[in-house]
Structure formats: C-alpha cells, structure tokens
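Only one chain is shown below, in structure tokens, and it's the form predicted alone.
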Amino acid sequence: MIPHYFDWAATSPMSDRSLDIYVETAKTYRGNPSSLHKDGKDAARFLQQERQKTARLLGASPRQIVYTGGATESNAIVCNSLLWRRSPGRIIISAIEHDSILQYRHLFESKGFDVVFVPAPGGYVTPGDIAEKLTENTNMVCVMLVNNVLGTVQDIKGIAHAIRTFQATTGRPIHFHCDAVQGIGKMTVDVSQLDIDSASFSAHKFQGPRGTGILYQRGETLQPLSRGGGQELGLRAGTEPIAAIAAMNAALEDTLSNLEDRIAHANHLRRVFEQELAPFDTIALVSPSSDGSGGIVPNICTIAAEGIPSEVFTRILFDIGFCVSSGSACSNNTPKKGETLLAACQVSPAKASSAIRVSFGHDTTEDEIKLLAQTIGKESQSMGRLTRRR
C-alpha cells in the first residue's frame, strides 16, 4: 500500500518542476563557478542570476543571500559566529527552537556565555518575555518564526521592536536570528519587513531538493563556519551546487506564485480535520485550534491520544497506510526530545508522551484528511479499550 503522506513538516516531496530544473541545469552548466574558463564563467553568471531570483522572492538583496546545505548549517554559521567574541555575553533562546540551535547551549556555556531560555506557554513567545531577559551584555536573541511541532507563529516583528527599543538605550547591537524554515509556503515571508539580522531556510520544506538551503544576513557581520575557497561571500566554503540552487528557486517560485490559494486550502483542511476529530473524546488537540486567537499555520497540527505512546500510535497508523510523525523528525533519534519541547509549552506529560504531529501540503485532499481523522479516532478508541482492560 502507498501511504497517505502527512509528514510535510519533516520533508516535502520534491516537485516535478524542481526535478526537471535540477536535471536541465546539471546538464547545461558543467563548470565550477569559481573557474576562470568559459564554462566556469557561464556557471558563475547563472549562479548570480539565481541569487538575484532568491533575493527577490524573499524580499532581500543579492548581497544578503548565502547558499548553504540547509537550515541546520545556516543556524550553525550564525551560532558559531558568536564564538569569535572576546567577551562573551548573554544569549537568549526560545525554549521551542529547533535542536540545531538548542544544542549549542553546552558549547556556549563552555565558552563563558550566559544562556537564557524563554518558555513558550501554549507555544508562544511574547515580546514581553524577551524584553524581560535583555541585558546590556546581550549578544544574540534566537526566536523561530513557526514552531515545527505546534505550528504556532511567533510575533517576530513585536519581538524585534522590543529588542531594538532596548538596543537604543545601550547603543550596543543585538543580533536577532530567526529560524524561518516552517514559514515558506504556509504564510507570507518577507525578510525586509521582519527587522531581523539573519534567517535560515531549507529547500526541502517547500518541495525543493534536500541538502540545499539559504542563510539571509542583513549586514555582513557573520563569521564563516568553515574556511576554504571564499565562496558565498566567504561564509560557506565549497563549490556551489548550482543545479540544486536552481531547483530550489523553481520550487520557491511555484510555492509563492499561488500562496493565497494554498493558504486557503490549508485552512479549509485544518477546519475539516478538527471537525472530524471532535466527536472522539479519546483525542485532544495539542496545537492551538484553528478558531483560537493565537497565530498558527494550518498545515501543522499536533494531537494526542492520551494513554497511547506516540511511537506506538504512529506505527499503527503507518501499518494502516498513513505517514505521520511523533514530533520533529530531526529529534526522533533523541529520546524524550519532543516531550521536552512540549513541556516548555506547558503541555501536560500525559499529552506530551502521546503526541503525534500531522502535517500536510497543497495537494492533500479533503477526502484524505477526513480518512486520516476517522482512522485516528477509531484506532484511539480501540487502543483505549485495550489499555483499560489491562
């Protein structure tokens, strides 16, 4: 059986046009963009055109776009830049960040930084939460745009305003980094409007190729993660994978060209999903409801069937024909990691241990979402009866 795919937040299927562009570009441009012969110059010229395209699509300038291996590497470049500071200060990190940022805590602390985590009740970090933690020696603040487990949208503009207001009183710059991976294709993302200093993106989250991403940097203040041939403004050494970059831009163009329709479709599917689950008292929403007051992207919804471990339920659903996740795919190899994130959102341990994440894309149908909801409801009732007999 070909499973119904509901794990778009982990990775999305590469689009046909993205695949076609990848093959076409790989065949057309064989030269290294750093080479001085004609093939190299042709590749360099094409790469610059793609950089201009990326910048236009994200609301940036070409000099602000750095191509990387993905958001994890982009986050690493930003975090490692702090290690060059002679006088370590405070780093403020939201407790719902991706592991590629959270795991820097130990390295930061070993180098003398004061690392402060900000909790996120209900999945939200507020500007006031951040403002309370700001000090004169604060070097950086990290808050993601969209949480990858709950789908909650953070008030990035409000947080930026709080940071800049405080910054004006001290005269010392504070780097504001935003992991924006889950935003593309689910909401409007224009980096020029967010007042952030850097942001990270991954192509495979919006139907581009894996292993390719973007680092946006507003000013040229970052230090390279690795050194070599000086590619990508000196921030990311190594020969640029121009076929993958072109494929990523094709996917980005397609995603943004009909974004309003995609968002409307996702909102409809989310409402249908919640309505279909409502009759089942064995299922509880962990993500905020689509009718709630907080901002969410509709494509990501975490639910819980209390009493049924999430790993067990996801396996049952897969055996029936549905691909869902027990949390972030990047933390699946780390026991209890998803539960730790949900604890930071003040989700009860019972719900956290039973949480499964459902995420879908633009080609998910209403019939599919209804079938998933009905299957989840009925299986949770059956499993609930079994656990009560014990």
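This one's a predicted model, so the numbers in the text were calculated from it and none came from an experiment. We number the residues from 1 along the sequence you see.
The same protein also has a form predicted in complex with a small molecule, omitted here; what follows describes it.
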Using a 4.5 Å heavy atom cut-off, which stretch among 93 to 101, 273 to 281, 114 to 122, 158 to 166 contacts the small molecule in the model of the complex? 93 to 101
Give a yes or no for Gly361: in the model of the complex, does one of its heavy atoms lie within 4.5 Å of a heavy atom belonging to the small molecule? no
How about Gly31: is it within 4.5 Å of the small molecule in the model of the complex, going by heavy atoms? no
I'd like to know if Met140 sits close to the small molecule in the model of the complex, meaning any non-hydrogen atom pair within 4.5 angstroms. no
Considering non-hydrogen atoms and a 4.5 Å limit, does the small molecule approach Val181 in the model of the complex? yes
Just give me the single entry in Arg262, Arg218, His204, His175 that has a non-hydrogen atom within 4.5 angstroms of the small molecule in the model of the complex. His204
Interface check vs the small molecule in the model of the complex: of Ser290, Thr314, Gln231, Thr72, the one with a heavy atom inside 4.5 Å is Thr72
